[in-house]
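Below sits a lone chain in C-alpha cells, taken as the form predicted alone.
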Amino acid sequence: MIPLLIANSLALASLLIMMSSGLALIYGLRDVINFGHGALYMLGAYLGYSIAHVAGFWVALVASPILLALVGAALENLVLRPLQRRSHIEVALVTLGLGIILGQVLIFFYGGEARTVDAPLSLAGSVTAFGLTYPIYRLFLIGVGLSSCALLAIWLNFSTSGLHVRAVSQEPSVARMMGIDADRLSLLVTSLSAALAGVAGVLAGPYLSVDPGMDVTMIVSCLIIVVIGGTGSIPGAIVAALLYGFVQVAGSVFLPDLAALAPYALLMAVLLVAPRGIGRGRVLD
C-alpha cells in the first residue's frame, strides 16, 4: 500500500511540479500571478490530443511545447510587457480574463465532453518491481517530472541566464540597478513557463483525461502550491508540489469523503507555521 501511495503521489506531483514551477518563475520576474496558466495547460492538452491523433504521441510531446512557447512569447510581448507599469492586480485580472476566453474557445471547438489519449505502445503495460506492479506510463511521467526538477536546478544554478533569473526573483530592484535586462529574461521565462504547461498538458492526456474543466482544477492546485512553497520560490514550489501530491493521493485513499479539503488543510497548516511559505518567498502585494 505505502509504495503504491508514494508512486501515485510522485506521478501527480510530476505534473504539478512542471506547472507550479512555471507559475513561480513568472511571479519571480513580473511580480504577477498568471491566472491564465491553467488555460495554457488545457491548450497544451488539446493540442497534444489533436497532434497525437495525426502524428502520434511523441510528435505531440515535442510539437505542443514548442507551440505553447510561441503563445508564451505572445503573452509576454502583447500583455505582460505593455501592462508592466499597471498595478499587479490589474495585470492578474487581465490574465484571468484571457484564460477564461481561451478556455471557452477550446470548448467551442472541441465540445464539452472529455477526450481520452492512449499511451504510446512503448509505454503501455506494467512492470513489477519490489512486489509492486505499476503502469510504465506513470513511471515515465515520474521520470519526466524529476528530470524537469534536475534541469531547472542546473539552469538556475549554473547558467548565466538562470543566475540572473534568481537575482531578479530575490532582489528585483538591485538586479535591475546592476544592469540585468529583466524584460529579456521575462520573455525567456514566460516562454519556458508556457512550454512546461504544454509538456504537462500532453502528459496529462493518457494519465488523466482531456476535459473542459482541467484548466480550473490545475490553476487552483498550482496557486495553492505556489503559496505553500513561497511565492516566487522554485525550490519551494517543487517541495510543495511533492507535499500536495502526497496529501491529495493519501486523502483520496484514507478519507475519500474529505479528500477535496486536504489541500486546503495543508495550506492552512503550512501558513500558520511559515507565513511566507516553505521557500520563504516574497509577500504578495
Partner chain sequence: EDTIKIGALLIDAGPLAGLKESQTKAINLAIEQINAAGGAAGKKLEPVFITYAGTPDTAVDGATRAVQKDGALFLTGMDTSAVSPALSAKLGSLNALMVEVFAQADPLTGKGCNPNYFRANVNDSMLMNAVGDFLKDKPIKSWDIIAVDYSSGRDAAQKFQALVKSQGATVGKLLFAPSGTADFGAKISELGANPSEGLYVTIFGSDAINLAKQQAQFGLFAKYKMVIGNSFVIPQVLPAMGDAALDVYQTLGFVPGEPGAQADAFVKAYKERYNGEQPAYTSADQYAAIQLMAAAINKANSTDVAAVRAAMSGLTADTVLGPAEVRAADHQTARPIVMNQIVKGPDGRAAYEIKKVFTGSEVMAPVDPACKM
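Positions refer to the first chain, counted from 1. All of these numbers come straight from a predicted model, not from anything done at the bench.
Missing here is the form predicted in complex with its partner chain; even so, the following discussion is about that form.
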Exercise for review: Tell me the stretch among 132 to 140, 146 to 154, 69 to 77, 188 to 196 that has any heavy atom within 4.5 angstroms of its partner chain in the predicted complex.
Suggested key: 132 to 140
**Study point:** Partner contact for residue 115 in the predicted complex: its partner chain, 4.5 angstroms, heavy atom
**Key:** yes
Check your understanding: Quick one: is residue 84 in contact with its partner chain in the predicted complex, heavy atoms, 4.5 Å cut-off?
Key -> no
Check your understanding: Is there a non-hydrogen atom of residue 212 within 4.5 angstroms of a non-hydrogen atom of its partner chain in the predicted complex?
Key -> yes
Review point. If you check in the predicted complex, is residue 253 within 4.5 Å of its partner chain, heavy atoms only?
Key: yes
Point to revise | Sequence-ordered list of residues in 199 to 225 near its partner chain in the predicted complex, where near means a heavy atom within 4.5 Å | key: 205, 206, 207, 208, 209, 211, 212, 217
